[in-house]
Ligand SMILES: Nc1ncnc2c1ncn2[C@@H]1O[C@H](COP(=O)(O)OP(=O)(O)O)[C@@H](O)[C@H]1O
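Only one chain is given next, in structure tokens, and it is the form predicted on its own.
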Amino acid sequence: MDQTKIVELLLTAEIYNRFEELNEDDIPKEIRKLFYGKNGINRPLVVKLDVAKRYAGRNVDDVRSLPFIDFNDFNKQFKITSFDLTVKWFLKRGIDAIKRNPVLAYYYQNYDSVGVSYEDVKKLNKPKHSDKEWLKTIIAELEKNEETSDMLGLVRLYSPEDIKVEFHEVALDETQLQEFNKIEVALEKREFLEKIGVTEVGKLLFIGPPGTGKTTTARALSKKLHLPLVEVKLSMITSQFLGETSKNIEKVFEIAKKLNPCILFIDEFDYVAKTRTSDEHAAVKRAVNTLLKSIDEINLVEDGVVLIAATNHPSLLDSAVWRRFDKIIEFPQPSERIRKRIFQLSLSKVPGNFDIDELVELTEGFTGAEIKLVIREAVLNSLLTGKEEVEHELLVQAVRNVRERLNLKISY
């Protein structure tokens, strides 16, 4: 057993308990996860035997031989008996840990020999709102109140840890990437933007046909930015009862603010935000107005909410809706370059030799979802023959089958 790992845990807890200016975001993610309770993470952090085993492995007896560590057999708790000795001992053995642990860096930055910056180390540490445990504690708190508990039934909540797709696995063009980089910078510089009065930031409208990656991108962005995702389809919150749709819209935006920082992803945006007509029922118009008002009253800088709305039918949107978003991001049918990228990403783990250039040429007009359908069909057909390695011809045949299905769909 590595004594250094246990001492890192104990020293992190001790320094965190001593310095009130440190917060949960300073604790390394792998250590922070050990201390979540029903109400989140509370001081003082106490290192019990079970916590030590979860972090350093089953056998922790070795650490008891250290002269500055005490173990209480009654309450099963480890404790540092000499802080100065512990600090000096760890400095000789744990320099790598100090350079990746903000709590330790905060204390050791005063040691000239270490050459570590607390601020630099903290930038590399994932924030607490990236933890699924953090999201669970927030949800548990909301469930205590009947009104906010009802809100939770309107949305789907994802922790960044629960999202499977990585941002680098999504085929995006340079224009799209640049806009997402702006959001990342705005998140880091929220205080500065508020100070200079630039607050209407972080409202994106995704437009494009089905299967072009709008939902996948929103989820991958959640993972990249370490932000929980609040996902809602407007068709699911539309009520048959007059006035309820407007109330549901207000609740969705309210829950996003309570879960901040987060991404609020509204799919099927055109379901409510469509062009208003003079003969529509007043309740329908009220729902559109409520949606517009809610968009106006939320932003990334002041509320910590990135708003992303998505529609397959941008032509249906009310003209007033377009003005609410600081950026419209198009998701068109993938170009030749993007199709090639999709094939490269999707086939990277599939055994076989493929002519990707031919596949790109054959799939002109295909969406990303349809390309992935081609690969799935080829893989399954290969498995039917007892082979895990996929022959190129099976992919070519799968392209033909998917195109036939698309043509059938168009004919109806």
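Only a predicted model underlies this, so the values are computations on that prediction, with no experimental measurement involved. Throughout, we count residues from 1 along the sequence that is shown.
The next section is about a form of this same protein that is not shown, the form predicted in complex with the ligand.
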Let me know the one among Lys372, Lys29, Arg54, Arg43 whose heavy atoms come within 4.5 Å of the ligand in the predicted complex, would you?
Lys372
Of the residues Thr216, Asn299, Thr290, Asn248, which one places a heavy atom within 4.5 Å of the ligand in the predicted complex?
Thr216
Is it the case that Gly211, even though its partner is missing from this view, gets within 4.5 Å of the ligand in the predicted complex, heavy atoms only?
yes
Is there a heavy atom of Glu169 lying 4.5 Å or less from a heavy atom of the ligand in the predicted complex?
yes
Interface membership of Ile342, the ligand in the predicted complex, 4.5 Å heavy atom rule
yes
Residues in which of 35 to 43, 363 to 371, 64 to 72, 382 to 390 have heavy atoms within 4.5 Å of the ligand in the predicted complex?
363 to 371
